[in-house]
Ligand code: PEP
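Given next, in structure tokens, is a single chain: the form predicted alone.
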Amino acid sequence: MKKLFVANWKMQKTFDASRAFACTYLENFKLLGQSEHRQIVLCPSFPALSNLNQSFKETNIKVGAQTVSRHNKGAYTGQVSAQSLAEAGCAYCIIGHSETRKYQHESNIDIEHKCKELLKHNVTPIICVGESRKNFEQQQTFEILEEQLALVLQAIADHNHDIEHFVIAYEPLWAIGTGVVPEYTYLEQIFTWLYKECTKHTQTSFSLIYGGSVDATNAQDILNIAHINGLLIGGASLDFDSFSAIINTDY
């Protein structure tokens, strides 16, 4: 299975900055994307999606969105439908990120509906799950993950024959942007559990990826953990040298 490297630019790059970044490093990205052992996905903000898709359409680099509406269409000011994302060239879309759960009050039911919309339009969902520091300290991690996954895994199971692939991204909230990475033995337990949950509920191909303070110094060790198929990268993806160093690590 290919290793999946997802760059989540959040709201760090403007439209012009995203376009300039893609243009400046286009040839470098082409080289990174040539390997048969990896898939690179860039997730800029909404305005840059179509532009980046045009920039990378002759390459193996894919473009993804950072969220999507739970609705197919209608009077939902400020929201973007899965169909629009597909038409803009999005191959992937992040849903359930801790920041949208927190700032946009996204619920597990919202994420289920978003997943269904993406599946209808052949956009691969990257479903984020993860526990808070309080959950972690109270040993509630698996209970929280089960709650976050139950509805989306059922939605995927209901469409098993129509889905090629989906992605689960485990991001403990206490590791995002903190420089702290969980102990590797802990990650082994988490990803073994995630693997068993996904295989128990669906017959669809899937990737399990880790996110949270990933950089070139820890990427190799993380990628060598059983059942981790890739990385969701935030801050380190904003600088090409840092991002490429992670992607080119030995695994």
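Residue indices: 1-based, along the sequence shown. This structure is a prediction, so every number in the text was calculated from the model and none was measured.
As for the form predicted in complex with ligand PEP, it is not shown, yet the points below apply to it.
- Of the heavy atoms in V214, some are within 4.5 Å of ligand PEP in the model of the complex.
- The shortest heavy atom separation between K10 and ligand PEP in the model of the complex is within 4.5 Å.
- Taking the partner from the other structure, ligand PEP in the model of the complex has no heavy atom within 4.5 Å of any heavy atom of D110.
- At the 4.5 Å threshold, heavy atoms of E171 reach ligand PEP in the model of the complex.
- With ligand PEP omitted here, the record of contacts in the model of the complex names 172 to 180 of 79 to 87, 150 to 158, 172 to 180, 136 to 144, defined by a heavy atom within 4.5 Å.
- Residues of 65 to 103 that come within 4.5 Å of ligand PEP in the model of the complex, judged by any heavy atom, are H97, E99 in sequence order.
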